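Taking the form predicted on its own, here's one chain by itself in structure tokens.
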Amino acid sequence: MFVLVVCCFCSIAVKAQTETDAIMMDKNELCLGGIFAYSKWTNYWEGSLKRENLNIGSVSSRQYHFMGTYGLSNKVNLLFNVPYIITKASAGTLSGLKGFQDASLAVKWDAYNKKVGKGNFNLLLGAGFSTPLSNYVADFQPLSIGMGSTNFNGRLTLDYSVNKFYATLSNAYIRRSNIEIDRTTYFTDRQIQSNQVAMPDMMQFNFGTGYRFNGTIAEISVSNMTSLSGFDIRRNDMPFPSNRMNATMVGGYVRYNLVSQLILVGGANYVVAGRNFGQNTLVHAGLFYVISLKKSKN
């Protein structure tokens, strides 16, 4: 199951089964569940300058994700996510926002696997789509619940496992649409007379390694998101949706089968480096239930 949310200044990687791993549901199995996540940052990077802003204090978000994965076959899975986001600033006069953010749908294909040395090698291909579920205000950073663009992504994932240990490398290109804002002129690195904002495309990288056996997973990971264009936040200015937003995160993740069909997940990640980005700490936990839709034989 999957969700990757880029929300204002916070990048959130919440995991159960995701586009970035090599976990697959069997044919006609449906995994449904929810995750609650809480994130917070006080310091942020204004361009390359790390600073704080006492006018807003700490920015936090509460996130509720309804997610699912369905096995079209043992080799092809569909994944979806519907998030509800609530943001808040601890100081100043700006009010946080709340609402449904961007619905996402993805497909993951276990395209190739082979015995290599003492382990197993898997190559997976994926594609994804996300679009706003509500008419939220994207031009209210850093308290907006999202960026407002419709996104398409293509992904390549490589996984190698030996006995109970594994390493997974995943890389994706994200194509983002233009967005409309509620003003007809704005300044980036030049004055623009339009309500259309060109959003920079992005690259996303994930590496995770750990223990995986009989549905139990313990993983440490590093991930990176990099804008392919955009501009820096001007000194003492508010961030803007088309800013160049880069971040590198480290984290950990656990998954445990409470019973055969009930799965507990949890984890945390922390932004260690960034550009026009909040130094965010995130924790999350969730429950999932696996339903078999296979027709029983009499």
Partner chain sequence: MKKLNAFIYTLILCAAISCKKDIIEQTEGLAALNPTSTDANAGEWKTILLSSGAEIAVPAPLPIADKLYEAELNEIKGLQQNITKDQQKEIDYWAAGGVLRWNEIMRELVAKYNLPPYQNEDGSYPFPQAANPFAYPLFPFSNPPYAARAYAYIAAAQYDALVATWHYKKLYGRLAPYKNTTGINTKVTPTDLPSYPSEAAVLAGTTAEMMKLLFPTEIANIEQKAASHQLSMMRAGAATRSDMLAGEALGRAVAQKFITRARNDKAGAAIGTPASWTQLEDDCKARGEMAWISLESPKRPPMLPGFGKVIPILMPASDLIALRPGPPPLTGSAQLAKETQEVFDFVQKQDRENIRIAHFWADGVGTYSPPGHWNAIAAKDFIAQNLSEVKWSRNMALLNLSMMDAAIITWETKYHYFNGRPCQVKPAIKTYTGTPNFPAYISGHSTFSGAAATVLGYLTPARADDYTKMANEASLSRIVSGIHFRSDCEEGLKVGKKVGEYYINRGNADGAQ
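Positions refer to the first chain, counted from 1. Bear in mind the structure is a predicted one, so any value in this text is a computation, not a measurement.
The form predicted together with the partner chain is left out here; the points below concern that form.
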Using a 4.5 angstroms cut-off on non-hydrogen atoms, would N122 count as touching the partner chain in the predicted complex? no
Report yes if any heavy atom of T216 sits within 4.5 Å of a heavy atom of the partner chain in the predicted complex; otherwise report no. no
Would T184 count as touching the partner chain in the predicted complex under a 4.5 Å heavy atom rule? yes
Any of the heavy atoms of G71 lying within 4.5 Å of the partner chain in the predicted complex? no
If contact means a heavy atom within 4.5 Å, which one of 114-122, 97-105, 207-215, 161-169 is the stretch that engages the partner chain in the predicted complex? 97-105
With the partner left out here, if you bring back the partner chain in the predicted complex, are T93, N178 and R234 all within 4.5 Å of it by some heavy atom? yes
Pull the contact list for 54-69: residues with a heavy atom within 4.5 Å of the partner chain in the predicted complex, in sequence order. L54, N55
